[in-house]
Each structure stands twice: as structure tokens, then as C-alpha cells.
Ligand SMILES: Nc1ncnc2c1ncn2[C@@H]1O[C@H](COP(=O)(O)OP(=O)(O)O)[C@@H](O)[C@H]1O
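In C-alpha cells, one chain follows: the form predicted alone.
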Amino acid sequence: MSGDTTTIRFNSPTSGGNAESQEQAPQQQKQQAAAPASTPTKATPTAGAQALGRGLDVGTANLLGATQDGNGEIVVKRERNAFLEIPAEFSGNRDMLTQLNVPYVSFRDKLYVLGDASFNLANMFGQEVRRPMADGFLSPNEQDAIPMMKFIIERLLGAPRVEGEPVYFCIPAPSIDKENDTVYHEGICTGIIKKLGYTPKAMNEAHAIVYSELADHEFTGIGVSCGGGMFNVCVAYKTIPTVKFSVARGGDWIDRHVAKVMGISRTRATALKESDVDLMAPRNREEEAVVLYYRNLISYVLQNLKQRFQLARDVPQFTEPVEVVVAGGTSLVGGFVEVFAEELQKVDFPLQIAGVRRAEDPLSSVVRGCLIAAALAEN
């Protein structure tokens, strides 16, 4: 991915003021590995020295687990939330996968490659991976969704250090543009985590971004989780969520439309979006299509945020301009923060905005927030 601006500050205390760029930095690189990728980072002061408790980001595109080691560092593991079936009758497949250190499971007399390895193999051979989740929730059209999710989550979390160790996991807010069943989704995830010996606790995924990114602002501001299945938004005041919602559009929505208008496979569209694309400088027709749908999606989210904020009751008085923090895999594309700031300035937003920035580590921001919430609860 290309380097781009990670922070936009508004010169005036309102969202309608001019914007200026700060903190030019290269994009975080995604780790593509057969085994879960581990990234140790220093724990925030909020997490304290408590070692027990884990975070789990149950995303449409990626699953992430986080824990704190004995040195006070947060260790994050990630796997793509996908799998690929390989016919078990082909002789030598099992031995080949084992020798190549490709993660797989045997289930109902079939072999399934899990996580990043499934996506890499599918892209190599022009196939489509199977996805346990769609649009932020368990896919009703995927019969093997639950067992595959269990296998991947077990790889990420491992065994609890003590029986009943708490796991805070993220769930999406109800969508404003699509009927979805948060009760079923939360219940299935709760059951999977319980069977692994943990005590599960659900929290809104955009609220988790507030925990991980806005400690210096008294946990006050706007968190936007830009996921594969949906965008989640949470406006919080001193940790208390005042407005939260989701839209049933995300990175997958962009992929579907780009694939359709360009006449390419969804896997190819995903690989294109995750390559060296800059929304501020598209180089060909395919990248122009990516830019068009990114802008449309961001504008759609901001218009709905404005409406939801205006309709909300008992909203506290924000005395200072607030920060907007974006995170999630769909925010990793070059130029995302600039486009988000441009679209925000077009909206007559009723809350004063200080600026827009991307989380320091967009892929792990939600799971870090879940871990911090778990640590606070334990303390």
C-alpha cells in the first residue's frame, strides 16, 4: 500500500473549516502468513499491568485475538475469516499441506484450508473462498460457518490461562438499512467462546475503537470501524456511547460493485483494492471504480451519522471539538483519511469536529479496545 496522510486537522472548530494534512507515514503492511500473524505492541496505560483477559475482533474479513503477556505488551494475532475446501480423495493433499505448514482441518471427510492460506490459494487458482460471515454477521447461506469460525477462533485464542478467563468480543450495532439479527449472531459467538473455556462479554466494535484510541480525550469522540461487511459508528462521551449504528456496506460492498462494473471476479477485486491503490490518485479504470465506490460509501455513512445524531435523545453537551478516529481493514487504502475529511466537510454536521485520523494500527484497533475493556473489568 502507498503511504498517505494519517491525520487531517480542521483549522476551524467546525467540520466546515479548511483542513490540513499532518503525520505523513507509510501504511501499515498486512501480514500474509500461513500461521496467525503476531504483532507485539506496548500496552496503553489504560490496560494497566493486568495479564488476564483477552480481546477478540469477530470481523467479516478478519478475525483477531489479543492478549497481554507478562512484560505488559499486547500481542495481536490475525487470520482472514475465510476457508477453502480441498477434496480429501485427492491422494497426497494432506501430506502436502502438512509439509507446507498450511493450516487445515479435517471436517466431515473433507479438508479445509483456513485463514490467509485459503485466500492465497484461491487467488492463485482463480477460485472463490468461502466466508463464514457476510455483511457483519454469520452467513445464513454457509452451512459450515459455525464450525469453521470455531476452528479459526481456537487457533487465535488458544486455551484459557485460567478457567473462565474473560474474553471481550465485538459485535456490530443493528443496521439502519438492513434487517439483521444481532441476537443470533451474539449468541453463536458466545457459545463458541464458552466451549473454549472462556467467559464471553460482547461490546460494540466502534465503541472498542474509543477505548483503544481516545484515552487522551477522556474516551470522548467518534469511532468509525470500517470493516469488510459493514461500517460501524459510535459517538461516545466519557466512555458512554450516546449514538451507535451500522450500515450494511463495507469493503465487500465495494468489491461486489467493482467486480460487477469491471467484469472481474470478487477475489480479483479484493486483491486490487488491497494493492497499492491511492484514492486521491487513481491510475486506471479499475482504480477509478474503487475510488467512486469508496467516496459513495463514506458519504453515505456520514449523511446517516448526521441524521442519527440529530434524532438522538438525551445527547450530552460536547463542550470541545471532538476527534474522529477511523480504523479497520477498509480504511487502509491510500488516501482514505483525505477522502473521509473531504466528505465530512460537505456535511453540515451538528457537532464540532477537531480532525480526522486513522488509528495507529487500523487492523488491531478494535481488538485492542476489547482487550482494554476486559482488563478494566478485571481490575
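Numbers follow the displayed sequence, beginning with 1. Everything quoted here is computed from the prediction, not taken from an experiment.
One more form of this protein should be noted, the form predicted together with the named molecule, which is absent from this view; the next part is about it.
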If we define contact as a non-hydrogen atom of the residue within 4.5 angstroms of the partner, is Pro172 a contact of the named molecule in the predicted complex? no
Tyr294 near the named molecule in the predicted complex, any heavy atom under 4.5 Å? yes
Might Gly65 be said to contact the named molecule in the predicted complex, defining contact as any heavy atom within 4.5 Å? no
The named molecule contact in the predicted complex: Thr270, any heavy atom under 4.5 Å: yes
Any idea which of 349-357, 330-338, 314-322, 65-73 reaches within 4.5 Å of the named molecule in the predicted complex, heavy atoms considered? 330-338
With the named molecule left out of view, which of Val235, Val167, Ile209, Cys226 would have a heavy atom within 4.5 Å of it in the predicted complex? Cys226
Can you tell me which residues in 338-368 come within 4.5 angstroms of the named molecule in the predicted complex, by heavy atoms? Leu363
